[in-house]
Every structure is written in structure tokens, then in C-alpha cells.
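As a starting point, one isolated chain is supplied in C-alpha cells, in the form predicted alone.
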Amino acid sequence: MNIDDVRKVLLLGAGTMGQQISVPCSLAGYDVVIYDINEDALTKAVERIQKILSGFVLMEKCTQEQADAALQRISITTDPEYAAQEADIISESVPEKLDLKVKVYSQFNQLCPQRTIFTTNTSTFMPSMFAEATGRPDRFLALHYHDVNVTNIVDVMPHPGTSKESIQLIKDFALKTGQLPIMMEKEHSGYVFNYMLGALLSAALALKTKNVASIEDIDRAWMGVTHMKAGPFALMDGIGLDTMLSVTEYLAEKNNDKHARKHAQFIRSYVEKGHLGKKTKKGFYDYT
């Protein structure tokens, strides 16, 4: 299969990243199916996608006509067999739980055509950790998106068993959907940007958990010197504090890091209140 053969993209997971990934794919002319086990999540996803597309129109990234056509190319389903039919590329954005990802990949390996390329949008795990579970390790790699509202950067990260043909196809797919692929030569935790960002977020959490300064002043310090529009705590609100918690807890256990455990405990105090960041209108900051 080459890039001209790709017609249908299947997105596993109707959360924040599934919603965002659907936009450049549908705008590029691909049929997009979003699969989730939760009907309510799918309904909310369509509402959110409409808002993202409206934002694209306002930012002049597309016309209203293009946005309307893109929305028509997106469908939703809770039926895995229907979702898998004729899928050419899968993008997986289910919650960051290794056993769940293994289960989902094993399920869709049985349902998808042999030609289907599987990709993961994981922020935490290495593709090699569940490559075998896909049943097609040579046609599996990471295609990691950031916030499509602000950047078109994507990370392309193969594992040692990914074929050169699969890497090339996903690079071509990224380019055709208007993304700028960062081609990684080996597996690395955090990809490129996230690895650098992780150091910033960890430093900010350390300053707060040590009571060095307030959340607001930590963000002001970063913004005031770098002239960036958001500080580290606002960035975490955008990522989602539930995602931040999963990543921080995983790294704390993996590295036996007592500081990371303290950071996770701090983030958990917000998550347990349902304050997950921008998507719930409240996180470190109030967005109501």
C-alpha cells in the first residue's frame, strides 16, 4: 500500500486527541471513523470537532465550505466491526493504560484488513511495548500529535521491527494531512518536544510542591521572560490533568522517583475533584 491507496482513517478513542486528529485528516479528504465504547463521548466529540473546525475557519486555515465538507466525512460508531471495515490507517488515542492498549490492538487486529497500518498517539509508552499485540509489528509505529489548534508538528517514531515501507507511508500521510513530521531515528520516551517540555513541567511542579512560589507566579515568571503566551501550569491544563497524572505516575514508578510521586499526589488532588483542565473548564485555573 502507498499513500495514494489510503482512503479511510480509523480513530480509536473519542477523547481530546481523537477529536483533534480527525480535523486535519478530514480536511485532507479522508473518510474518518471515530470509534469509542461510550456513546456519550462520541456525541460530545462531534460537538467539539465542530468547534475546532469553526476555529480553523476563524484562523483562515480553511474556508467554511471546506470545514462543512470535512465534517461530512466524519462518522462515529460504537460497533468495532463496522469501524474496522476497509480501514487503511488506525490512530489510537485510548487512555494511557498499557493493558487497555494491548486489548484494543489485539481486538482490531482480528477485525482490520491485513494492509491496515496501526499507529499509536501514546504520550507515555514505547511502541515496542505492545508491538506484538498488534499482530502486525512491521506495520506499527507511533504517530504522535500535539494540539492541532496551535501546531502541525507530529512525531513519527518506529520501533525496531517497523518496516521502512510503513515509516515512509506514515511520513507521506502526515505531509498529505498538512503536518510537519519529526522523524525519529530510534525510540525515545517523550519523543522530541515532549521530552524537553517534561523537564519544564517537572521543574514547575517541584517549585510548587516545595512551596517556593504560587502557581500564578511560576507561570508569570516563565511567560514574562520567554514572552510565551502560557506558563507551565496553563500548559498542563491544556494537556489535561488526568493525562498528566497518568504520565507522572507511570514515570514515578518506572524510575522509582520520590519527587515524581509527590508531583503525582499534587496533581491527583485536582483530578479527584473532577478538575481536569480546560476540557472541564477548571484545573489549575478556572476557565468558566
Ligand SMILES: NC(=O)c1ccc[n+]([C@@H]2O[C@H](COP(=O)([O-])OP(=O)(O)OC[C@H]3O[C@@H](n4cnc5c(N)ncnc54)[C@H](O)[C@@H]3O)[C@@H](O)[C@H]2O)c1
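Numbering starts at 1 and runs along the sequence shown. None of the values given here were measured: they were computed from a predicted structure.
One more form of this protein, predicted in complex with the named molecule, exists but is not displayed; see below.
message: Does the named molecule, in the predicted complex, lie within 4.5 angstroms of each residue among G15, V94 and N121, using heavy atoms as the measure?
response: Heavy-atom distance to the named molecule in the predicted complex: all three under 4.5 Å.
message: Under a 4.5 Å heavy atom criterion, is K101 part of the interface with the named molecule in the predicted complex?
response: Because a heavy atom of K101 falls inside 4.5 Å of the named molecule in the predicted complex, the answer is yes.
query: Taking heavy atoms only, is N38 within 4.5 angstroms of the named molecule in the predicted complex?
result: Flag for N38 set to yes.
query: Does the named molecule come within 4.5 Å of any heavy atom of K279 in the predicted complex?
result: Looking in the predicted complex, residue contacts with the named molecule include K279, since a heavy atom lies within 4.5 Å.
- request: Decide whether I239 counts as a contact residue for the named molecule in the predicted complex under a heavy atom distance cut-off of 4.5 Å.
  value: Yes - in the predicted complex, heavy atoms of I239 and the named molecule come within 4.5 Å of each other.
- request: With the named molecule left out here, work out from 255-263, 58-66, 29-37, 226-234 which stretch has heavy atoms within 4.5 Å of it in the predicted complex.
  value: Heavy-atom contact with the partner occurs in 29-37.
- request: Counting only non-hydrogen atoms and a 4.5 Å cut-off, give the residues of 243-263 close to the named molecule in the predicted complex.
  value: Only a single residue, T243, comes within 4.5 Å of the partner.
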